[in-house]
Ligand code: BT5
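Here's a solo chain for you in structure tokens, the form predicted alone.
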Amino acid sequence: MIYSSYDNPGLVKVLSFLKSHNTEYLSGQDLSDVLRISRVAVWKNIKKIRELGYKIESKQKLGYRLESSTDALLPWEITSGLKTKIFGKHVYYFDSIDSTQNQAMKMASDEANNGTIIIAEKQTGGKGRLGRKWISPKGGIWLSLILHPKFDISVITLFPIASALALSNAIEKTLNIKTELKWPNDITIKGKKVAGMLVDASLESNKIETMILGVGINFDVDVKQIEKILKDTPNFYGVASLSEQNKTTKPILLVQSFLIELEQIYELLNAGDIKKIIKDWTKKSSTIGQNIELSTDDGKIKGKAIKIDNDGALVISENKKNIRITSGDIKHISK
């Protein structure tokens, strides 16, 4: 099942009218007359709306009334009232897909898709950093964002770090949950991973042609089931779910808030203003100031995390010598 913000005008018309008149019953004839579609089309759209998780009450001789909305992250739900300039103005929704990142890659070269989101209810082949699999069951938020950035290629490694900051801010504002940022781009709650980012980019002549941000959020997932699958993988440090601490906030509010926060940070990057991003990330970081062990392709490094550089590289003090690390996995260790 695929939906986009470009199609299903009849369904969206019926739904929008039901939303704006949710305190009253609307007959099929009323909907047909106002929306200028047949009563058969009204009935078909009502049926489809129900299948998408909306609750619609129907009473004989009275008509239809919308009781409650859906939790599904459908295109028209994301775009409705979204206060961004570019991000999320066009959305493609899949009930199941191998990877939103793969789909975004197929669409990324088209300039018209700048700011477009690919979102899925579940992924069968979700991608994590360093080629790892990301477990993506129903209940999570799995999305990819297509971008054509203006900023310099040197900033590309800072972008996922900045994106993690945007998501942390959005979680705090919408769900009132405190999160920490673990270098390079993990978001944690009490030391357990609740979300992560990755970036795929296409470069040409030292210029960023396209960039795709992949985002995975454990919104309302079975933590024990995921931990059972991942417990023996390298550098696994636990799984958290946002619903463990907030069961009432709708996922759509988090997605919209994240897009707003991310677009603001994206504009700072395009303007070359990265000092604020680094300062704000450092405040939320669980890594800076900690003794860590870092696994790289060249082996393991132990030291104290001092700061991140302007390009997002982690600076570690090892035996009174500062080392810059641009990629790898870290583990917090005691002194």
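Note that the structure is predicted; figures quoted are calculated from it, not measured. From 1 onward, residues are counted along the sequence shown.
Form predicted together with this ligand: not shown, discussed below.
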Check: Quick one: is Gly128 in contact with this ligand in the predicted bound form, heavy atoms, 4.5 Å cut-off?
Finding: yes
Notebook entry, point to check: So in the predicted bound form, does any heavy atom of Leu175 sit within 4.5 Å of this ligand?
Noted result: no
Note to self: Please determine whether Asn169 contacts this ligand in the predicted bound form, using a 4.5 Å cut-off between heavy atoms.
What the structure shows: no
Notebook entry, point to check: Are any of the heavy atoms in Trp142 no more than 4.5 Å from a heavy atom of this ligand in the predicted bound form?
Noted result: yes
Next item on the list: Scan Gln123, Thr116, Ser163, Thr157 and let me know which has any heavy atom within 4.5 Å of this ligand in the predicted bound form.
Entry: Gln123
Margin query: Within 4.5 Å, heavy atoms only, which of Leu147, Val255, Val91, Met197 is in contact with this ligand in the predicted bound form?
Written below: Met197
Next item on the list: Work out which of the listed stretches, 74-82, 247-255, 147-155, 233-241, brings a heavy atom within 4.5 angstroms of this ligand in the predicted bound form.
Entry: 233-241
Next item on the list: Indicate whether the candidate residues Trp134, Gly216 and Ile226 are all in contact with this ligand in the predicted bound form, with contact defined as any heavy atom within 4.5 Å.
Entry: yes
Checklist line | Residues of stretch 58-73 in contact with this ligand in the predicted bound form (4.5 Å, non-hydrogen atom) | finding: none
